[in-house]
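Encoded as structure tokens, the following chain is the form predicted alone, with no partner shown.
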Amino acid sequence: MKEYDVIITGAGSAALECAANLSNSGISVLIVEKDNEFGNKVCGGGVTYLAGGYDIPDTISRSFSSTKVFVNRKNYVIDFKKPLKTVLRREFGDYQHKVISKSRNINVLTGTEVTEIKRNSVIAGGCEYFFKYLVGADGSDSIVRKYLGLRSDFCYGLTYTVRQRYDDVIWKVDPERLKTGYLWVFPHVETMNAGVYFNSKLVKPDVAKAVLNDFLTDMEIDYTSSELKGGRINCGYRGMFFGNIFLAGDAAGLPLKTTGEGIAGALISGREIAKKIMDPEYKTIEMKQYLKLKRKRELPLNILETFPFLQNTAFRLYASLKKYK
């Protein structure tokens, strides 16, 4: 086929969630993914309560009721109101793909890159495919976002996947060297993911890498045989709905700039776009709630970016207040 009701660029969490909500309907869907696998994205894999209404099986994830937070030389244990989950993006991508794999109305093209966007068609793998609706779910460097001419706001993540069993979720802030960024350790089923999140306007990547390596050495985590991977995170939301073109996940700038958390925004936007396609009068209630929370959380960041030393005080105060209901 060369004509589809919906074409989705990318096959990450947002794309596959959108497709799952369109499955087994009368709407024809084509997913175009440049890689040969699903969920091939640099990501810590932390999933907070914001994605609590979405299916992330226990067989591919772990749940944690608390985290250790390091502020300067002090450390605190903070209990989560709702558990934090960790999941590897490739395993989650494979699971999401399996959900839609038997849907007759969904076709998937892997190893095929979208190279051009036109008014009602895309060029991919040398072929032209026509759409009624286009969903840009192709990550921070989205070709659909570029076609729409939207400015992005990037933060960065560097991460190691270490073949080591670990049982503690760890966060560490270092305002002196990382400004508003932070270090993390997220345990997975058979591995652990350790990394650093930072704003490249405030911190250079080589500085962030050095801070991460020092942190892992102090924690006695052997990362020397692991490959360091990096990725950009687009936190600059400029809208999702542009006529018959929609943006989802990182392509829409939905990750939280405070933490870089992106899985929840991806899943919510994927589902909401599918509902909007099936019912143009749908009010995207869940998306509006998420965007309200995103704005609320990012508002104090302007102050911390100007006065990063306040982050120590903010984290200590937060950790202390968590002792009280």
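The structure displayed is predicted, hence computed values, not measured ones. Numbers follow the displayed sequence, beginning with 1.
One more form of this protein exists, namely the form predicted together with a small molecule; it is left out here, but the text below deals with it.
Q: In the predicted bound form, do D174, P187 and L212 all reach within 4.5 Å of the small molecule through at least one heavy atom apiece?
A: Not a single residue of the candidate spot has a heavy atom within 4.5 Å of the small molecule in the predicted bound form.
Q: Would you mind picking out the stretch of 25-33, 294-302, 280-288, 58-66 that comes within 4.5 angstroms of the small molecule in the predicted bound form, counting non-hydrogen atoms?
A: Among the candidates, contact is made by 25-33.
Q: Could you check which residue among D153, E113, D168, E128 gets a heavy atom within 4.5 Å of the small molecule in the predicted bound form?
A: Residue within 4.5 Å of the partner: E113.
Q: Taking the shortest heavy atom distance, is I106 within 4.5 Å of the small molecule in the predicted bound form?
A: Flag for I106 set to no.
Q: Is there a heavy atom of T159 no more than 4.5 Å from a heavy atom of the small molecule in the predicted bound form?
A: Output for T159 is yes: heavy atoms within 4.5 Å of the small molecule.
Q: With the partner left out of view, is A14 within 4.5 angstroms of the small molecule in the predicted bound form by any non-hydrogen atom?
A: Heavy-atom contact with the small molecule at 4.5 Å: present for A14.
Q: Report whether the minimum heavy atom distance between V135 and the small molecule in the predicted bound form is within 4.5 Å.
A: The answer is no: V135 has no heavy atom within 4.5 Å of the small molecule.
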